[in-house]
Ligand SMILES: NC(=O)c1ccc[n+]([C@@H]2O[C@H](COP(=O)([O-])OP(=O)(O)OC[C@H]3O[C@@H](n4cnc5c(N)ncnc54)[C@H](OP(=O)(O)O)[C@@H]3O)[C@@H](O)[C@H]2O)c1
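The form predicted on its own is given below as one chain in structure tokens.
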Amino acid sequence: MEYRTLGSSDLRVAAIGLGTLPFAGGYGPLDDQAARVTLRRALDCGINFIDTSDNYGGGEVEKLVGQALAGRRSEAIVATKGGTALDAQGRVTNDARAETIVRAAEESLRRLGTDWIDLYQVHLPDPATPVAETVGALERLVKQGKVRYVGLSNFWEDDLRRWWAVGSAIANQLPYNFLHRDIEGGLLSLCREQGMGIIAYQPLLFGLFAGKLGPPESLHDQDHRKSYPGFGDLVRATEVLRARLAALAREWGLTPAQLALRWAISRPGVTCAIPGAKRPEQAEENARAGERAFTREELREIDRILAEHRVSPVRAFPCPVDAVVEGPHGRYAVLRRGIKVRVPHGVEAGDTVDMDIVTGGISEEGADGLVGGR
């Protein structure tokens, strides 16, 4: 396993980490014991970076991580995310107020069964809260020794610049895979200039590039991919591309998943990728992708195939607007699903907006590109 320094910290993380969202059952049922065994096997394989969140399974996944790490806490770099509390209507929302962040961190510590969190990440930007308030709360947690380092998640250029104006962070967690390459538009180089590591999530795009996905109708009823916009169409549209990539993987002695993961960690500026795993053998397979990076020539061969079989996935997710408010960083909407996001002028309560499922930005006719995203 290759190990890398995460941003400007002293954390040495495996190039392939472990994302724990599958432990919440979003990819079909998974019993707790299987999750614990998978996590421990990941540690055995050299995967020392474990990423979770307080909203995975309503906090139950953090408990599983804590149980799995019992007696092995020193072997792991534990990263969790906060700032996605339940609002008055019981919906998950982005809430980065100081009291919310402090309470969430304390609860995560309790569920994880640990005295410290190595990397505490703000899960989503909160347009309703001044950035300085969130920064101050996190800095206090660091001074108290409860958090070692601060990280961000889903922060694109505008939100990053607001954050850097008053605080610092060592890492930014963003979606990155063969089809979602938005961070290459300038964000990668911007983070590198600021000494910020990039943690790539969804590197297999919900298992699409793992080489084992059956037809969409074969997915379990509880599998959240059934509600992902256009996922079934995407499976069909990428059939030829996935076949070409699988052939290349075989030629190079890799599995399709290893090809996709090694490609992600080989891009300049990407520190690590955090694929999920439901079984120990999946963790083992993923770990082998982190043994080295691809050469420039190998990357060019993969990119040639991607260019020859270009796919444009559906990214617009229609979201009704419940309210529009003037916040500390401009107008924002409270969407029906509970999330808050900046919106352009002209959007009002009762409208329906298209949210980009990759960047979180809102695209409106007449607006200059995305608002609140790239």
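Computed from a predicted structure; not experimentally measured. When you see a residue number, it is the position in the sequence shown, counting from 1.
The same protein also has a form predicted together with this ligand, omitted here; what follows describes it.
The three marked residues, K212, I274 and E285, each reach this ligand in the model of the complex, with a heavy atom inside 4.5 Å. Checking T238, N154, T114, T93 for any heavy atom within 4.5 Å of this ligand in the model of the complex turns up a single hit: N154. Residue-level contacts in the model of the complex: of L141, L205, L187, A85, one residue has a heavy atom within 4.5 Å of this ligand, and it is L205. Figure note: of the listed segments 194-202, 85-93, 132-140, 99-107, the one touching this ligand in the model of the complex, with heavy atoms no more than 4.5 Å away, is 194-202. Contact annotation for A257: at least one heavy atom lies within 4.5 Å of this ligand in the model of the complex.
With a 4.5 Å cutoff on heavy atoms, K81 counts as touching this ligand in the model of the complex. By the criterion of a heavy atom within 4.5 Å, P22 is counted among the residues contacting this ligand in the model of the complex.
Using a 4.5 angstroms threshold between heavy atoms, R279 counts as touching this ligand in the model of the complex. Residues of 30-55 placing a heavy atom within 4.5 Å of this ligand in the model of the complex: D51 alone.
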